[in-house]
Structure formats: structure tokens, C-alpha cells
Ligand SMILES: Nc1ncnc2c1ncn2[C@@H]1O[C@H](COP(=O)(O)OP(=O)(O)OP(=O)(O)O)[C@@H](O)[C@H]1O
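Here we start with a single chain on its own, the form predicted on its own, put down as C-alpha cells.
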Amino acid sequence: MSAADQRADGQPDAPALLELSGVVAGYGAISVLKGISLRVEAGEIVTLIGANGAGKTTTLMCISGVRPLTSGTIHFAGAAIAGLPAHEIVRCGVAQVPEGRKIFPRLTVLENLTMGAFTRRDGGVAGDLERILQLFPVLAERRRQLGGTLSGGEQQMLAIGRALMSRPRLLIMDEPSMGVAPLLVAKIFETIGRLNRDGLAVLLVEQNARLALKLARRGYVLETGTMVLTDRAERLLDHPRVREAYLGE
């Protein structure tokens, strides 16, 4: 166990909510992930940073059940989830906000949000919908507007809201600042912090490494399919390799 996986008092943290161990995955004969390991504890924000093509999105797709593993294991809340269909992983408590948002452009804001609850059979959907509209007032104002007519930042809020409608324990986010105006980026990251303070765990892939590391508790650095660094986020911010490669210093 590394220093990054221990509390400040040196004792092991609680069992991980999400744990990847020795994950190998790729596309056909091309190996993208080369035995990576990663963990996210309940209630924490962890960020995964790396250059384009490092394997960050592939990692998230493996967790979500969209990309099969060649070998290795993925456990969520102590149960093996690798090999489960994607909708079953959502039912387990994992929701993803994908790169590029991938909302339904010809459905209204309300219809997009309702789609996020497609795996649920409980009676709390209406209440959760109202809470999300309170969290993102602009979506409440545009609730009957087609998703494709929203701005990039508004679509990102919609994608986050849609994921939250599944009532996840872990929110996976892939490049939430991409194509979003700076003022709305600040709002989105403020919202991520608020959700985390309410107990939601977050695994964040973000092109703005400085912003991600300032928000996260811990971080991992992925290079060409291999984890090369892991530590507390504040230490990674000061690491020479991170500063040179990802912070432009």
C-alpha cells in the first residue's frame, strides 16, 4: 500500500468503494491499458490525469462496462463488476458523465433527465428530478427546451443531472470542462465539490490538471497505459514531473 492510500495518521483507509487491479484492456490487437490499478474510497474525489491517448477514457469505459477487460479485476462496493452489462453497473451505483456529454439532442431537458432514471423502479424519481432542477436552475428555466439547443455548459449540466438521476454512489466524469465557457466551468466544478460534500464519490478525468488536482483528494497519473504516479493531490501539484508535463511549468 502506497503513502497515497493511507490517512495522514498512517493507518489504512476504509475499504475502497471502487478498486481496479491489474486491468488490461484495449481495442483488438492494440493494448491500451497495461495492468493499471486504481482505487476510490467512499466520499472522496480522485482525479486521473494524463496526455491524450494515455488511456483515461478507456479506463472509464472499462469501469462502466462499455469496454471489456482482457484481464484484471474491477470491484465496486466489494462486488466484482467487470463483465456486467453497463445498465447493471448503473444499478450497482456507478454513473458516468461521458466525454462530449452525449445528451439526446432531440429530447427536451426534462426527457433527458428522466432517461437517467431508466434503471430505477423506486418512487423517488420525481423528488430527485426536482432536486436536480434546484441544483441547476438554468435547466429548470429550460426544462421544455430541446437538449440540442442548449449551450455547451448547459449541456454539461444536463449530462451531470442525467447521471445523478440514477442516484449513484460514484460519479465518473470525463472531461467536464471541454467546450465549456470559463464561467460555467467554475460553476460546474463548484457543483462537483458540493455533490462531494453531500457524500458522493467522484472519479474525475479532466484536461485542466491544475483545476482537477485542486478539487481532488488524491490523483493518479497515467502515461501510455501505465500508472506512473499516485499521491495526494496537493503533492502531485508540486511534483516536478506533473508540473512540467501537465501544468505548463
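Numbering starts at 1 and follows the sequence shown. From a predicted model like this one, the values you see are computed outputs, not experimental measurements.
Although it is not shown, the form predicted together with this ligand is what the next lines describe.
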Subject >> Among the candidates Ala201, Ala212, Val221, Ala54, the residue which, in the predicted complex, approaches this ligand to within 4.5 Å (heavy atoms) >> reply: Ala54
Subject >> Contacting member of Ser64, Gln207, Thr70, Thr191, with respect to this ligand in the predicted complex [4.5 Å, heavy atom] >> reply: Gln207
Subject >> Exercise: Val32 in contact with this ligand in the predicted complex, heavy atom 4.5 Å >> reply: yes
Original post:
Is Glu99 one of the residues lying within 4.5 Å of this ligand in the predicted complex, judged by heavy atom distances?
Top reply: yes
Subject >> Glu175, heavy atom within 4.5 angstroms of this ligand in the predicted complex >> reply: yes
Original post:
Any of the heavy atoms of Thr47 lying within 4.5 Å of this ligand in the predicted complex?
Top reply: no
Original post:
Out of 182-190, 39-47, 212-220, 56-64, where are the residues with a heavy atom within 4.5 Å of this ligand in the predicted complex?
Top reply: 56-64
